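Take a look at this one chain, the form predicted on its own, written out in structure tokens.
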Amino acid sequence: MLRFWPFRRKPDRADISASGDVPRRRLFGREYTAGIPYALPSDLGEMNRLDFQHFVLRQAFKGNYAAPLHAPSSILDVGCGTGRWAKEMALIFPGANVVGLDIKEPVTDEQGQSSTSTPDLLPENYRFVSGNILEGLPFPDASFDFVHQRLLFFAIPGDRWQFVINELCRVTRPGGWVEVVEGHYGYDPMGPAAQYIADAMLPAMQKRGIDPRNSANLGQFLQQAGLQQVQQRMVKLPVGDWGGRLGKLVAVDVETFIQSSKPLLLAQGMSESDVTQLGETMRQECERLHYTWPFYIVYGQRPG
């Protein structure tokens, strides 16, 4: 199982730089996209974590989507991150035009190669579009047969969730499907170390207007947007060796997530040794208490 890498304590002042047309911000050794509320880094390390997480979720969910799709001709992935999900969907549905939307394209390493640029994941029917869902989607009404969004609960302010879901529905064609997948904020059950980390991170996110607990309200958001046949299910992923191969993979994802969240905890005044000790204690709790990480999978159809 992965161990936490050491962080060198930085001054509280954040450095602002620019990468292409997107302003960048450095905090406690990690790089963020400036000007947006997203609470996690957007550097190469985070891109690698997101890719790994995608493979874990694909195995846990037994596929890339839950909605009853029938040969969609156009697919949109909002907040596509590395683009891995969207590119795989382009391969699954070669007759569809697939668009991945995010604020910026994936970061590159020192050799200029994208962390996700493998030849088999560059289908011709995929393209990237730059955009910020919080400012509205840059597409006309009824543009896509299937609109997908996953794991933006650390990026969307609490008072913007209904607007975001309304936008997903707006660009969906009548008879098309909207699917949203988000993680539950916390584990089931919650041990003392996990609860301490969650309680410490929440104020840091709330300062940005974000409340990740909104993921539990996805079904309500979709219904209020006017979608029909709304279906919601919860999948509980095991965390730790006790859960077999999947549990071990999820535990690695959880540990790398804590690494990505470490600047939030340091900014709240926690020391590096505190974070490391909490991580070690949480690993023990996972095995003793049999942690699971719940995910909400919700989809609905736009009326014809």
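Keep in mind that what you see is a predicted model, and the values were worked out from it rather than measured. The first residue of the sequence shown is number 1, and the count goes up from there.
We do not show the form predicted in complex with a small molecule, though everything after this point is about it.
- Taking a 4.5 Å heavy atom cutoff to the small molecule in the predicted complex, the contact residue among I92, V230, L134, A216 is L134.
- Checked against the small molecule in the predicted complex, the residues A204, L122, I103, A198 give one hit for a heavy atom within 4.5 Å, which is I103.
- Comparing 36-44, 62-70, 246-254, 263-271 against the small molecule in the predicted complex, the single stretch with non-hydrogen atoms within 4.5 angstroms of it is 36-44.
- At a distance of at most 4.5 angstroms from the small molecule in the predicted complex, all three residues L50, R150 and A155 contribute at least one non-hydrogen atom.
- Heavy atoms of C80 reach within 4.5 Å of the small molecule in the predicted complex, making it an interface residue.
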